[in-house]
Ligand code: 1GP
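Let's start with one chain on its own, the form predicted on its own, as structure tokens.
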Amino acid sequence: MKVLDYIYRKVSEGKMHMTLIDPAKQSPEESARIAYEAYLAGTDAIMIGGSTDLSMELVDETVLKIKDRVNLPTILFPSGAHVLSRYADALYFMSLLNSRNPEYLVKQQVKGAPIVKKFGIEPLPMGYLIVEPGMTVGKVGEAELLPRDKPEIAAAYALAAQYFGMKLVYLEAGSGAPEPVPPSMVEVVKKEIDIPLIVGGGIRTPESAHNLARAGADILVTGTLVEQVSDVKNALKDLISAIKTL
């Protein structure tokens, strides 16, 4: 089954959870351990990426170690065309729609497209939107941050992504954000689009995950949390349960 078909099927059945693992934050073996514990907790897919200073070799090794431990889709969350791995099942072929820099709108995608075709990785077309505070990804991506108190702006961007033919929309508050995307924004955006809505950044508690899922998020992503705890399984178990019970 194609990864996009898997995502659409899972979303049609309920809420999804994905675990984001940054290969720069630990060894490939440790990344695989985190992925396995997330799998035991009930996560639905493993996202791999995040940092800008990764090497293709490190990403390759991390993907392979993870695939040795878990039977879940591995999805690249790339910072650029230089970190694509032939071993991943899919990648978010994404455009940072609220960036001021064409590099993140389309130029990295032009560089990466031939590599994606050569490697045979499944591309998942996605509109990527950075919401205040944006954190490092907002600065690096030169984003005009979407204001938290004006959800209609985020909704217009998300609808534009859908009309461009993108299959997913991702609202990102930024890795390590003090607060996640506001549920009120998620609700307005979800009412405007017909494609799955992913929300990530700053989601640390079952309560915040539940509120976002109830507001309309189809897929919740946690990353920083799994880097900060020793018992990933138990840290994620309650959070995932909080969204899967909806």
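Numbering starts at 1 and follows the sequence shown. Everything numeric in this text was worked out from a predicted model, so none of it was measured.
As for the form predicted together with the named molecule, it is not shown, yet the points below apply to it.
Using a 4.5 Å cut-off to the named molecule in the predicted complex, not one of 74, 89 and 123 places a heavy atom inside that distance. Think of it this way: in the predicted complex, the named molecule has a heavy atom of just one of 151, 174, 127, 78 within 4.5 Å, and the residue is 174. Look at 198-206, 55-63, 34-42, 184-192: in the predicted complex, residues with non-hydrogen atoms within 4.5 angstroms of the named molecule sit in 198-206. The named molecule in the predicted complex comes within 4.5 Å of no heavy atom belonging to residue 232. Under a 4.5 angstroms non-hydrogen atom cutoff, the named molecule in the predicted complex has residue 20 among its neighbouring residues.
A residue is said to contact a partner when one of its heavy atoms sits within 4.5 Å of a partner heavy atom; residue 104 fails this definition for the named molecule in the predicted complex, lying far away.
Contact check for residue 221: a heavy atom falls within 4.5 Å of the named molecule in the predicted complex.
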